[in-house]
Structures are given as structure tokens and as C-alpha cells.
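One chain is shown next in C-alpha cells, namely the form predicted alone.
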Amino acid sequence: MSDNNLIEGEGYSVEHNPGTHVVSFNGTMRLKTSADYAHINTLLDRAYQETGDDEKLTLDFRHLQFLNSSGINTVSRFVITSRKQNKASLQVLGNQDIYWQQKSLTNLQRLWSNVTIDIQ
């Protein structure tokens, strides 16, 4: 991890841009357990806290080729935590050409009505 807003691992990166309130996921994420995703969850929580009330935090998955079930669970738990805080809304961007995104990302809206899903 080179700074608080960038996490890089084997074959993936997660970057938070505080100026635009966007967290971008890139590559392929196959970490073994939810505990292995803890540093990513910390980045997501911090990004949400830095997003002002009534603003929007965007989670951009358009360049993430694969996210395993531990990663999907981490993102789902983050959405539930955000719902409980009810501070800022969430926008999720996906890529219609990546199958797992169509199936998994749309489920996030079921967890919280303030999640908008945009899969193009």
C-alpha cells in the first residue's frame, strides 16, 4: 500500500479519489477470506466517512474482471454498514460485459434503497 487511498495487490488495485468521491476497483481480486479483505473494507469505510452528508460515494467496478465470494461479502457488509449510518448515498458502476457484475452488483440495491446501480 503506497498511501491511504491506494491498495495494490497481486493482480488488482483499489483506489479512492477523495476529490471525486470515487473508489475504483481494477484487475482480479481473489483474496482467500473476508479477513484478507479487511484493508479494503477499511478504505471503503474511510471513503464513506469522508463523503459529505447528502453526497454520493461511487464504487466503480467497471474494470474489475473478477471478485470472489469473500470480496462480494465484504462489499455487501459495507453497504449494510453505510445503510445504518445513512449519511451519503452509494452509486455502483458496472460493466455489462463482465457477467459476475450483472448478477452480483444488482443485489446490492436489495440491501439498501439508497444504492443506485448503473451497469453499461
Partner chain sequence: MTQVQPTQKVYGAWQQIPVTPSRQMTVDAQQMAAHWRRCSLSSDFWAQYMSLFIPTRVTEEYLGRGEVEQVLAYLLNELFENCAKFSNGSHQLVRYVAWSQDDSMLFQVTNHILPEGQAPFAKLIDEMLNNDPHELYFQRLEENVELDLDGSGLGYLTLIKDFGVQFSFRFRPQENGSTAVDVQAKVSLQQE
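Residue numbers count along the first chain shown, from 1. If you're wondering where the values come from, they're calculated on a predicted model, not measured in any experiment.
A second form of this protein, the form predicted together with its partner chain, is not displayed here; the remarks below concern that form.
A.B. asks: Is Asn86 one of the residues lying within 4.5 Å of its partner chain in the predicted complex, judged by heavy atom distances?
C.D. replies: The answer is no: Asn86 has no heavy atom within 4.5 Å of its partner chain.
A.B. asks: With a 4.5 Å heavy atom cut-off, would you call Ser24 a contact of its partner chain in the predicted complex?
C.D. replies: So Ser24 does not count as contacting its partner chain.
A.B. asks: How about Arg77: is it within 4.5 Å of its partner chain in the predicted complex, going by heavy atoms?
C.D. replies: So Arg77 counts as contacting its partner chain.
A.B. asks: Is Ile72 close enough to its partner chain in the predicted complex to count, meaning some heavy atom within 4.5 Å?
C.D. replies: So Ile72 counts as contacting its partner chain.
A.B. asks: Between the options Arg30, His39, Lys56, His63, which residue brings a heavy atom to within 4.5 Å of its partner chain in the predicted complex?
C.D. replies: Spelling it out, the residue with a heavy atom inside the cut-off is Arg30.
A.B. asks: Out of 86 to 115, which residues reach within 4.5 Å of its partner chain in the predicted complex, heavy atoms considered?
C.D. replies: Asp97, Ile98, Tyr99, Trp100, Lys103, Ser104, Asn107, Arg110, Leu111, in sequence order.
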